[in-house]
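So this first bit is one chain, no partners, the form predicted alone, shown in structure tokens.
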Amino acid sequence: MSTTSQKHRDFVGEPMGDKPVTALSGIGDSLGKKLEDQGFDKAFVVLGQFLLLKKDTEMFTEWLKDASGANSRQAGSCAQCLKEWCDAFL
């Protein structure tokens, strides 16, 4: 993957805590609202889905595109962000 955004680096660089879903790289206000409407209101809830999919970034990307209408770039950015967070903290 090319360079990462500041949002990505900020998320991966510290514990998740109670961050909102919009703290995830690739998830802005519009996608965040769609996810919140489905019960994915916090970053850790989206992480739970990532873990349920056994950290499979391809499956997670497809799920996120279906669940929120994210495009491939947005979904890939979020998947990469969660993968790197897991590598650092799990």
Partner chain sequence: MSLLSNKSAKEISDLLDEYGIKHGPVVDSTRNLYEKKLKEAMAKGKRPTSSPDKTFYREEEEEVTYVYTTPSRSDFAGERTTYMRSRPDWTEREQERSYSDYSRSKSEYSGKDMVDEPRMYDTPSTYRNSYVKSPPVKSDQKVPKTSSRLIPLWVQFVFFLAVAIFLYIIFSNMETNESLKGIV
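Keep in mind that what you see is a predicted model, and the values were worked out from it rather than measured. Positions refer to the first chain, counted from 1.
Although not depicted, the form predicted in complex with the partner chain is the subject of the following passage.
- When the partner chain is considered in the predicted complex, residue 57 lies well away from it, no heavy atom lying within 4.5 Å.
- The partner chain is not shown here, but in the predicted complex it comes within 4.5 Å of a heavy atom of residue 53.
- Heavy atoms of residue 37 never reach within 4.5 Å of the partner chain in the predicted complex, leaving it off the interface.
- Using a 4.5 angstroms threshold between heavy atoms, residue 14 stays clear of the partner chain in the predicted complex.
- Residues 59, 62, 63, 66 are the ones in 59-90 with at least one heavy atom within 4.5 Å of the partner chain in the predicted complex, listed in sequence order.
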